[in-house]
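Given as structure tokens, the chain that follows is alone and in the form predicted on its own.
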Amino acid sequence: MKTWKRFAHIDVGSVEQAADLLRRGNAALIAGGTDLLGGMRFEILPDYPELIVNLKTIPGLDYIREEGGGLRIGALTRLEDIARSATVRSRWTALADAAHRTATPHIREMGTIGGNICQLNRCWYFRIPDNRFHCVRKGGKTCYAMAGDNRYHSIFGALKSCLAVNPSDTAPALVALGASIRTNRRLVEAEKFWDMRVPGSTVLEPGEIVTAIEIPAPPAGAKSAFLKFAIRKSIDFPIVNCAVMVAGGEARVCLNAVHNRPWRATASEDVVRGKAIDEALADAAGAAAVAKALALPGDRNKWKIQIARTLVKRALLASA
């Protein structure tokens, strides 16, 4: 019989107080709780948090506003509010669409933008209850997906022998839009926010907390788009997703759920640079995006390569 584990729960009034509690020991942050609570319930990690620090009681972290032509979004802003925002949808369309395609309406009413970019991966070996697979991501020595079921895993190689992919929908939109992540200590380019040294993890250090998302004003005439392929359209995490911004003969293309971190498809950007985007050019850009993709042994995830190629093509056409 499972024994219930106790933890303390503290409502904090400031980011500084939350950061101080995080630095003291085995603590976890909670905002919407859509990722944390499931992980705690099934005890997927080796260590169960002794303290839950509630960020929702911190004033002033839930907002969407334009500043100097750019966009600033508080870390506690709900995904549904971003999806419905006329401001976001009018000029930063890819982000509004990405927020709208995340999970279910009920989860979007709870989940926050800060939580969405900091969530843990969805690899089933990592997520299995009671920490039955002590994998590389948890400090072990084995990636069980290597010889196991890896049909949804990385198509751009492994890092430290871990094949898990980044599951965020908003992450590729933030990269494509040139966003930065504001923390209580620094400003980090979205493209550099996910740490390559620890697969799928962020660069956040102990006591460091995301406070805002900052996105620059889009270039004149810019258009952006977000597309997602999932098994169930209304709820699932992405099999592959893609965000694109096109302006002035330049494009920013980002795939996700294909690698440990969002994958900037610079080869696709080179293909379309300075050219008018039509179906043939978009198709060539899609092919370039996956030119270095490699299915895992047994080709169980080879199908993801074609999906990634098609999403790049369609997202470019939608942004042309």
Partner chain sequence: MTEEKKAGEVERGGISRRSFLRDAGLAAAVPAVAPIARAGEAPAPRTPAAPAGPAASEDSCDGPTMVQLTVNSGQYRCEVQPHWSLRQLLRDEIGLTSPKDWCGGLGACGSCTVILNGRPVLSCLTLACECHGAAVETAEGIANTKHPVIQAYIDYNAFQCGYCTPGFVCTAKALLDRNQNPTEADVRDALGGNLCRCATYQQHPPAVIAAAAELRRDRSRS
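Residue numbers count along the first chain shown, from 1. It should be emphasised that the depicted structure is a prediction, and the values quoted were computed from it without experimental measurement.
The same protein also has a form predicted together with the partner chain, omitted here; what follows describes it.
Participant: Which of 270-278, 34-42, 65-73, 286-294 has heavy atoms within 4.5 Å of the partner chain in the model of the complex?
Facilitator: One stretch meets the cut-off, namely 34-42.
Participant: Just to be sure I understand the contacts: of E205, D149, E250, E109, which is the one whose heavy atoms reach within 4.5 angstroms of the partner chain in the model of the complex?
Facilitator: Going through each option in turn, the one that passes is E109.
Participant: So which of K138, K192, R84, R185 gets a non-hydrogen atom within 4.5 Å of the partner chain in the model of the complex?
Facilitator: Of the listed residues, the single hit is R84.
Participant: Since only the chain is shown here, I'm wondering whether V15 would be in contact with the partner chain in the model of the complex (any heavy atom pair within 4.5 Å).
Facilitator: Heavy-atom contact with the partner chain at 4.5 Å: absent for V15.
Participant: State yes or no: in the model of the complex, is some non-hydrogen atom of N54 no more than 4.5 angstroms from a non-hydrogen atom of the partner chain?
Facilitator: Close contact exists here: in the model of the complex, N54 approaches the partner chain to within 4.5 Å, heavy atoms only.
Participant: Wondering, does T104 line up within 4.5 Å of the partner chain in the model of the complex on heavy atoms?
Facilitator: Yes, T104 is a contact residue.
Participant: Does any part of R78 reach within 4.5 Å of the partner chain in the model of the complex? Heavy atoms only, please.
Facilitator: The answer is yes: R78 has a heavy atom within 4.5 Å of the partner chain.
Participant: Spell it out for me: taking the partner chain in the model of the complex, does every residue among K5, R24 and I30 have a heavy atom no farther than 4.5 Å from it?
Facilitator: Verified in the model of the complex; spot residues all in contact, yes.
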